[in-house]
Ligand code: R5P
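The chain below stands alone, shown as structure tokens; this is the form predicted alone.
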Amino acid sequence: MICLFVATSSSNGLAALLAREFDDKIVRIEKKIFPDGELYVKIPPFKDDYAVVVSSLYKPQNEHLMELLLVLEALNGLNIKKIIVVIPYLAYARQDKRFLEGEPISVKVVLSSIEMNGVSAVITVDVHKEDSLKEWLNVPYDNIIPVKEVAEYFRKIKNVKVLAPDKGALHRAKLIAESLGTEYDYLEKFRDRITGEVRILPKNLRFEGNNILIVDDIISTGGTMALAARSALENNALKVYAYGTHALLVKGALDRLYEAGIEEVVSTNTVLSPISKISVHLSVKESLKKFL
């Protein structure tokens, strides 16, 4: 099936890589900002019946989200029969419930806004909680965890064990560990009843004599990973490595991580960063085959 790949300003080259894999065409949107701050987009006219829009919603996420919504509406205006949206990083996914009275469910707002613009399917990469897609989307979707790519990158490390920084990330650690053929665990918090000191230790895994790979979906400030790394090294881990699918890297995150003793920090190209060393385009390609 021949289709058109539409690259928004936050495609990060993924649209072009996917178009190359499918031997299809790519168009880049025309974009400008009016003096009053409003956004303008325009898609070069084309006659294809199918379009794949690639748009990652990292900072400035509000601008990128608005750009995506305008692109989708423009495609509807061109009477495209089938529109598939690839969202490498889904913004607002961490606000997936009302933690406090009066709060919005932010991920619901984002997903509903995208769906109402006539999309046929949505593909995300390692969304914070996949249940959000199931709950708030009424169109087919697929959430990719780039297990094969991550395992291949870290296969060079000997005696490696995989560690999730909390129980919520355990499924990710499990998948990567199984691909590497090794053990996995998650960290639990312990508070000293006398001193009040908080420590985090693995539930079952022994650090001593092993290299540790900490995995998570998002590296934001890096605080959680830094704490996990220090715990591993204090308990005689050989070296500590860190992987996060989305490298947001705010408030000096990289300095914090390397200061904690981490040997290498690695991420994917869902968000542009100095540590984006793993491409997710082959996993996205396999996902797209389900919908094209």
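Quantities reported herein were computed from a predicted structural model and do not represent experimental measurements. When you see a residue number, it is the position in the sequence shown, counting from 1.
Although not depicted, the form predicted in complex with ribose-5-phosphate is the subject of the following passage.
Asker: Going by heavy atom distances of 4.5 angstroms or less, which of Glu149, Asp217, Asp185, Asp142 would be at the interface with ribose-5-phosphate in the predicted bound form?
Answerer: Filtering the options by heavy-atom distance leaves Asp217.
Asker: Give me the residue from Arg206, Lys108, Lys174, Arg94 that has a heavy atom within 4.5 Å of ribose-5-phosphate in the predicted bound form.
Answerer: Looking at Arg206, Lys108, Lys174, Arg94 one by one, just Arg94 meets the 4.5 Å heavy-atom criterion.
Asker: Where does ribose-5-phosphate sit in the predicted bound form: which of 99 to 107, 117 to 125, 176 to 184, 218 to 226, heavy atoms within 4.5 Å?
Answerer: The contacting stretch is 218 to 226.
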